[in-house]
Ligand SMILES: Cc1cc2nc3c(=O)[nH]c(=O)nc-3n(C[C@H](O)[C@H](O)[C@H](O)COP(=O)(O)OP(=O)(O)OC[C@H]3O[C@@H](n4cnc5c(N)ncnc54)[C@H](O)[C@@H]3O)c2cc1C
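First, one chain by itself: the form predicted alone, in structure tokens.
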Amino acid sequence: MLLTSLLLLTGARSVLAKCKCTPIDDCWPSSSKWNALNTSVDGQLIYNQPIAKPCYPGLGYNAQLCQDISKEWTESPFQELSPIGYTYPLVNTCPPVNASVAAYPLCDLGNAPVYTINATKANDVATGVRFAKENNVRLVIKNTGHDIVGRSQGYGSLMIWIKYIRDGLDYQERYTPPDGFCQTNWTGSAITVGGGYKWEEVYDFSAKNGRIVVGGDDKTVGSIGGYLQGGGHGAASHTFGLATDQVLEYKVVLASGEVVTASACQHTDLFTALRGGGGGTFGVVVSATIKAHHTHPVLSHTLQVVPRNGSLTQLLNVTAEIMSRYPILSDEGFAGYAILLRANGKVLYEHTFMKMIESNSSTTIGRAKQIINRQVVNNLLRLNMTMFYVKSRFQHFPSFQEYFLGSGDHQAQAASTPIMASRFFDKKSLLFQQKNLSDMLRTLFSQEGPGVHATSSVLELCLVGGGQVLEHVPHTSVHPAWRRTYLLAEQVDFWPENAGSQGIQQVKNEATFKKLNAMKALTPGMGTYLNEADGYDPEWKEDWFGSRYGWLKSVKQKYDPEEVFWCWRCVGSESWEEVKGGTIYGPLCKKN
């Protein structure tokens, strides 16, 4: 055992351990093999270079280009332009830096893939899958790179980038299954998303046809990747259900390289697994057909609460009071997103909630406003200009698209130091539970005790459950607790820039073992959303998948028996591990 460990820690290849080949290994494909792969994908193979390489001395140094990169570094659309650009990189081994800084750091790929196939069609994907399988190379799948868990990153890997598969957006006024025989209960409209389109594009296309689709709050997220396959929530979820509930069929590239259609009638088990079981492990989705619903007028409410004296304690108590009314608002049709923020000496609560209304009558709009005012605003206004600054505003929009365009930029900032812990909250854990919620919030925002703590924290309160989300949907594999969820709470912490490895670990441990446990204590028997969760949660299988995990693993074994697909904390991932040997990344090896 000691010999095995020593060989792995030094990166040596051994008969005692089955590992994926990396560039330092003799088994790494030769240049001729990579050239042949490039030819087979019509010249779409990219040899990856760090995005910020122009900031470093040597070949390729360019001060002006470095300055341009630095300006856009935290913009997710900028990161999306590169195959190895990530909104939330797990490891940042080549940040844009000032060339005059002493002790200049090294710049390398880190845990980013070595090569990328810039796929433009399903056959490119199939070719890449077969190459990785035949050459024992780690394979990762990426669309826009928004995954906070880091499942589209991987040292020494080959990436298949589906962002530029653009087979079009196709609208059907009345959905008809492609084989003509499959029975379906859905007779409404549908949209086929043929590739790596972002939600911004799909929303715009839907609106031009007078329709709404359930998609993400962040317009820059890819529409058919991990978001859709992992569940997917947005402001329209309450009214129509989770995003994955909307899928009518998928086109999937399997581990064998075969391209199949998965639906309620074909490859039904695969279809079910891809509707909630997560992306990157069952196959590569290259197309999805989703339900499209008639558009509705929208009434939105924006609220901002800032304590006059900057008191976090006062704000936590008020936030707990507001949260305790969330189930009432949800049952009345309101949904949306709130934040509780502590950063740079500033604390505030802010939300934008919306309700799709059936008519523009003054009676309907007036009643909706009355609910918000009675449950939330009236009590706060009595404290306005004494304890808090309170801003409350209603807006009316003729359609969902106009609401989306008029309610913020809907775009995440890229960040390299976030740690997330999240949890589903059901009705009984929220309704009139001010004391319990206040105690939990104090734990989430506490900076007491020795050691390093988060420099800033954001609690994202996603009021995206209730309503249609509570309804059971056949052929879905989301965590069963989704069907009891009203609120998804997501604690995001940022460690100090000078924290060091020990300090970073302290912040991570506090998130996992203190803050996440505080949320779990209020929500027994619940779980969390696998796309926005703590990858260090020791109970990740139960918390992310619940009772579905065993069945999902059997589907994984059926469609990928040789384990070509692997991603951290994905179904079936426990058979492999990244052997880091005290560093921050390393080869992917089979567990003994």
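Residue numbers run from 1 along the displayed sequence. Just so we're clear, the structure is a prediction, and the values are computed from it rather than from any experiment.
What comes next is about the form predicted in complex with the ligand, which is not displayed.
From the list 356-364, 505-513, 212-220, 313-321, the contact stretch for the ligand in the model of the complex under a 4.5 Å heavy atom rule is 212-220. Checking Q246, Q229, T485, Q491 for any heavy atom within 4.5 Å of the ligand in the model of the complex turns up a single hit: Q229. Taking a 4.5 Å heavy atom cutoff to the ligand in the model of the complex, the contact residue among G154, G276, G128, G225 is G225. Within this chain, I148 lines the site of the ligand in the model of the complex, having a heavy atom no more than 4.5 Å away. Among residues of the shown chain, V284 is one whose heavy atoms approach the ligand to within 4.5 Å in the model of the complex.
None of the heavy atoms of A421 is located within 4.5 Å of the ligand in the model of the complex. Proximity of D560 to the ligand in the model of the complex: non-hydrogen atoms within 4.5 Å are absent; the residue sits far from the partner. If you take 557-580 and check each residue for a heavy atom within 4.5 Å of the ligand in the model of the complex, you get just C567.
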